[in-house]
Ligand code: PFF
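Coming up is one lone chain in structure tokens, specifically the form predicted alone.
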């Protein structure tokens, strides 16, 4: 059965950029920047981008394309192709299927809230004229507390089923007619929505006559004026590095899968850099110019600190709707806000499930419709605890292991494998095969020494500072510990199942291997 391939170069670039451009660009990034020294945060952010994000992007594009030559679209097979003599390396590659699948389990539910709120924006269904009222509305929608607008989680579950169905429909259509088609129109559209919102925010001026100094330009100053004392805090550097990994979708395993559908002669150097540039434009230029500046203009310099520290969910689902209620054409701008976030979430969520689908397609030679049905049913079942035990710590647990720990661990493994086991000279040659861009030679040193050291430092620092308390559930409420423990058991079972499937595949495969595409 012939493997699929991308229909166009712009298609694969937008697909990778679509995977990266997500909720983190417009919600997580401004909150992280505002809470970690403002403009000073950008110093470790850009350092991390240069020595961690961009090198890892090139690593994943390159080894993904290389593994695809052997018919592998996921990390177990790709890692084995890089280090054939090691019989265990393929099991480290399981992280590249496990991580994105775990993230999808909770991400798709959050994504569905955005679809629901886009609908509420059009219909004017918000209830609440202050922060407390809109927090109660959100909690009622989520089923966490009674609210007159909702009876249980009926509305939330309806929008979840619609969102889940859209994801599965796109994935069922394959690489070109599904993933590429979606990103070719969804990514430009969400960027247009973001530009419209940015223009509206920056032309808003001072909406509160009693405080003429509360302007969106002053809000930009709040976000970007540097507090250099923050650079002495190691957590700021860790937060910046984590944001770079999170926003670029590196260390997850998705880009490996996307790049595996490239042929040998396709460029990865310039294409990878273009995907990074698209994401950074969405995050730094647009994401940094919407939520925090407009919140500053309405809430002022004192309350904006608590708004930023209240987290991305509160900013996106409470503060922003409250603001939109107070400006002309607010329902339309609220719709554009939630629509852009939904499209950003959709282009990311489809990428998260693709590695699991690609693994079953490539290694078990199953038709895509069977694979989609099987993976879809597993994902649907796994999402139910997130929905029904939302306030019990399940989502946070999944986010930590899937979206934080596995991400950094996988990044460390792949960059060491690429630069040290595969060999930096072979790696450098592989990156530049068919390349339209010559990467500066300094990156040969960075790839071999700096990026591995950076990822290992993040891991060891985490273990030193937070590892034991997290493992022992020290910060988990006593009432939530049974749910968190059950979640960990479920995650362990899922990981072991994936390892067993990898074991079956390699037990069945014939000795020797050959490339599917001519070199």
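Residue numbers count along the first chain shown, from 1. If you're wondering where the values come from, they're calculated on a predicted model, not measured in any experiment.
One more form of this protein exists, namely the form predicted together with ligand PFF; it is left out here, but the text below deals with it.
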With a 4.5 Å heavy atom cut-off to ligand PFF in the model of the complex, the contacting stretch among 423 to 431, 266 to 274, 143 to 151, 350 to 358 is 350 to 358
ask   = Would residue 297 show up as a contact with ligand PFF in the model of the complex if we use heavy atoms at 4.5 Å?
value = no
Wondering, does residue 256 line up within 4.5 Å of ligand PFF in the model of the complex on heavy atoms?
-> no
Would residue 252 count as a contact of ligand PFF in the model of the complex, using a 4.5 angstroms cut-off between non-hydrogen atoms? yes
Hey, in the model of the complex, is residue 91 touching ligand PFF, heavy atoms inside 4.5 Å?
no
Only hit among 447, 308, 103, 194 for heavy atom within 4.5 Å of ligand PFF in the model of the complex is 103
The one option of 13, 23, 505, 498 with any heavy atom within 4.5 Å of ligand PFF in the model of the complex is 23
*For the three residues 19, 107 and 246, verify that every one has a non-hydrogen atom within 4.5 Å of ligand PFF in the model of the complex; reply yes or no.*
yes
